[in-house]
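Just the one chain here, laid out as structure tokens, in the form predicted alone.
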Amino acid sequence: MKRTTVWSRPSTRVAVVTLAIFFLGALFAPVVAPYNPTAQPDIVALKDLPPSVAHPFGTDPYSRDVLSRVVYGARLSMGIGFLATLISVTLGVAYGAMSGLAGGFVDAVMMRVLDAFMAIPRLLLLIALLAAWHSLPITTLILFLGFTGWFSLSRIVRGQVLALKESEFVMAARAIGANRGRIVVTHLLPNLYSVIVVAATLGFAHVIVLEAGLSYLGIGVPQPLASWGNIIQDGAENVSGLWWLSLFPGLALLAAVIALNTLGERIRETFQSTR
């Protein structure tokens, strides 16, 4: 029987190509974008123009080129998503692994603390925290998103560690004198690879949506910086008249999230089928 791999699925290839386009566009935004995303060349004559040859995605109420802002928005939105996900995955894996390895009373206390964190809706927590600042640096936004996104992953990792720490290869490592750090790095993390990759991929998609929503509400990425969320917000008061301001960044957001979710699901299915 032919072994099924992640890459053998057509949906995975489409997702990877889509993400590659976004990442390359974000990386080479100064080359890809036809205009400066914050430039306002003529606030009267060039504002609110529909898509045309000169401006394929039209212009916004400040005469800024929407295509350029969508390209730079990919750089900012996906950059924030990547860094925030990296923070949350690191925290989730570390906390879950420590809790699972400790066991007993320490594990029980750590899980009760985690339950308290999980009882607070993440979106409401972020809105409350971010609304306290009138001008929020991007670094602070990344930290907020990262430090509030690791709770579910830590519980999953803790469950996996509890199941693995009594396995024969871990017991053998303990018998030869391996300390906890070596056991985690050498024996547990390789067996948690599939869980971490899937959680990171799906978490990445969630952070992108969350950042777009916060930016749309005006408490995420501040103007004049370009984010998919605040580009949509620029045309929120006249969606029917300025439809391109909602359509193009919305399609970019939708495509990126679907690609990430598809990739995560295919990776999960592949790992499950090879067990």
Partner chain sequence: MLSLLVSRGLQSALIVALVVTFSFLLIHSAPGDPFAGALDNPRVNPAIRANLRAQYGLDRPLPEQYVKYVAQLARGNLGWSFSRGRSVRAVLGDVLPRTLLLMATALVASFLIGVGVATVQVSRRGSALDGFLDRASLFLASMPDFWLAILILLAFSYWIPFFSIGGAVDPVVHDMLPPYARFFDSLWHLILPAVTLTLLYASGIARFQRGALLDVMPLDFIRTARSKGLRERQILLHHAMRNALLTLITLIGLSFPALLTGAVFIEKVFAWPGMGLAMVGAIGARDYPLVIGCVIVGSVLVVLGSLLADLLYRWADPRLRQL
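Numbering follows the first chain given and starts at 1. This one's a predicted model, so the numbers in the text were calculated from it and none came from an experiment.
There is also a form predicted in complex with its partner chain; it is not shown, and the following applies to it.
Enquirer: Taking 4.5 Å between heavy atoms as the contact cutoff, choose which of A163, A172, A116, A94 touches its partner chain in the predicted bound form.
Expert: Of the listed residues, the single hit is A116.
Enquirer: Verify the flagged residues T139, T186 and F204 against its partner chain in the predicted bound form: is each one within 4.5 Å by a non-hydrogen atom?
Expert: Checked in the predicted bound form: no contact with its partner chain for any of the three.
Enquirer: So in the predicted bound form, does any heavy atom of L123 sit within 4.5 Å of its partner chain?
Expert: Output for L123 is yes: heavy atoms within 4.5 Å of its partner chain.
Enquirer: A54 near its partner chain in the predicted bound form, any heavy atom under 4.5 Å?
Expert: Flag for A54 set to no.
Enquirer: Taking the shortest heavy atom distance, is L130 within 4.5 Å of its partner chain in the predicted bound form?
Expert: Flag for L130 set to yes.
Enquirer: Tell me, yes or no, whether R112 is in contact with its partner chain in the predicted bound form, where a contact means a heavy atom of each within 4.5 Å.
Expert: Yes, R112 is a contact residue.
Enquirer: Scan 224-257 and note down the residues that get a heavy atom within 4.5 Å of its partner chain in the predicted bound form; none is a fine answer too.
Expert: I232, V239, S240, W243, S246, L247, G250, L251, L253, L254, V257, in sequence order.
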